[in-house]
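This document opens with one chain alone, in structure tokens, the form predicted alone.
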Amino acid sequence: MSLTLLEGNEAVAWGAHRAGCNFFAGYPITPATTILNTMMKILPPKGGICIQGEDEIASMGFCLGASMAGMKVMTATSGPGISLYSENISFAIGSEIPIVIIDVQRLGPSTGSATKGADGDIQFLRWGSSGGLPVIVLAPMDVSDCYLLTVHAFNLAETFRCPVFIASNKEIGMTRESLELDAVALPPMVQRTAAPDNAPYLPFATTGISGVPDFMPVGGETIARQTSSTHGPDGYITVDPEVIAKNQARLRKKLEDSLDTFTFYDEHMEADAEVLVITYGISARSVMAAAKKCSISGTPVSVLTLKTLWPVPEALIKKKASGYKRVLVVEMNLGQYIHEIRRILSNHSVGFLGQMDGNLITPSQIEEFITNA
């Protein structure tokens, strides 16, 4: 595909296609609906399936069933839909069902403002499921990221057999930019590891160091047992504390121990800077504009843009913040990821600029914040 004008939502859809997605189910909701619309155009001609569910809960259920049958699946919604997805997100975590979930965030709480962006779901994406086990959340800052990070999201879902979120928002999802898709360097496509045919199949047994079970699709000749209840390697329900504890630890470790393999970020480091601004999402673009203006006026500023939000890339944040006198956090909410930064950088003074009124944080606001903080 040559240079084309795409909105972030369209780039997500094309990224899903390049990653091998062959099943999509979703329910229309502003500002995510154009993902559904684009998948309707892409998938059926390629032999894939695209379904508009009767609601968000059904759409999520369709995706989990298709994934258990061996398909690569994606769904897309906004904040109110993520709330309805919650139970099935827990199912996907506990039963290790690969799925990519796009959250094109809008201003909340509740129905909020359907046509105004915010980053108000950031903590909910991590903690909005029962059990508190980790998930992967990636955050694009522009249309190119929407394309590339969606491919990474599918690879991660297949590798670790887990839900992976893209934390977009209205301002990214519905903004059009020029993008040459074929010029974006994509990682090789990943498929989940298939269980060998010549050995008894235990659906949640693991070998090696990955901590991820081999996959067998439901509906085949071999029984592939799935349950949303606590279970052992054989997939049968158990209340044995030792078995439960071992499985819970494995679900956590399979992501946290591999975090360095999917810690995505951008950085703009100034040699003489005393200030480091940490940000993510659409706010990163305003931060970069402000940092350039500050540097021109004689106050160099460094910027760390996080694209992996969960699990928190603690080692990266500590390394990049080392040596700075001040660390500032900019995000489009009233303070969510700032709590993680303050926890990690407990020996630093960490300032915060946030806003959640339907407007973007402007470069001039950030420049003033950097100057006066």
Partner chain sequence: MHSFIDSSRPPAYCPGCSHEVVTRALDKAFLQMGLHQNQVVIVSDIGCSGLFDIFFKTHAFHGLHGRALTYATGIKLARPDLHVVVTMGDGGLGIGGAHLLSTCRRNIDITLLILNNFNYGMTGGQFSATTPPDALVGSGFLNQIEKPMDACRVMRAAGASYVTRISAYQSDLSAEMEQAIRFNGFSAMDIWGICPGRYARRNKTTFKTIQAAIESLPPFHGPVPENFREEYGEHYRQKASMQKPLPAPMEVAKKFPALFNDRKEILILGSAGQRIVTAGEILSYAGLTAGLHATQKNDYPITVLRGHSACEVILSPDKIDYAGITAPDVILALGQEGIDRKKALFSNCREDTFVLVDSTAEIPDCRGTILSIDFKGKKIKRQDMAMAALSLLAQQQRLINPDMLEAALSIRFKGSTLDRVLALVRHFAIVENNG
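Owing to the predicted nature of the structure, the values given are computational and were not obtained by experimental measurement. Residue numbers count along the first chain shown, from 1.
Although not depicted, the form predicted in complex with the partner chain is the subject of the following passage.
> Answer for R176 alone: is it within 4.5 Å of the partner chain in the model of the complex, judged on heavy atom distances?
It does: once the partner chain is placed as it appears in the model of the complex, R176 has a heavy atom within 4.5 Å of it.
> Heavy atom to heavy atom, is D272 within 4.5 Å of the partner chain in the model of the complex?
D272: no, not in contact with the partner chain in the model of the complex.
> Does any heavy atom of I223 come within 4.5 Å of a heavy atom of the partner chain in the model of the complex?
Yes, contact at 4.5 Å.
> Does P44 reach the partner chain in the model of the complex, with heavy atoms at most 4.5 Å apart?
Result yes; P44 sits at the interface with the partner chain in the model of the complex.
> Looking at I29, A66, A321, I338, which is the one with a non-hydrogen atom within 4.5 Å of the partner chain in the model of the complex?
Result of the distance check: A66.
> State the residue from V218, L255, V190, L186 whose non-hydrogen atoms include one within 4.5 Å of the partner chain in the model of the complex.
Contact check passes for V218.
> Tell me which of 272-280, 101-109, 241-249, 226-234 has residues with heavy atoms within 4.5 angstroms of the partner chain in the model of the complex?
Careful reading of the contacts points to 226-234.
> At 4.5 angstroms, heavy atoms only, are L5, D142 and S286 all close to the partner chain in the model of the complex?
Every residue of the candidate spot has a heavy atom within 4.5 Å of the partner chain in the model of the complex.
> If we check the partner chain in the model of the complex, which of the residues in 66-93 reach within 4.5 angstroms of it by a non-hydrogen atom?
Heavy-atom contacts within 4.5 Å come from A66, M68, A69, M71, E87, N88, F91.
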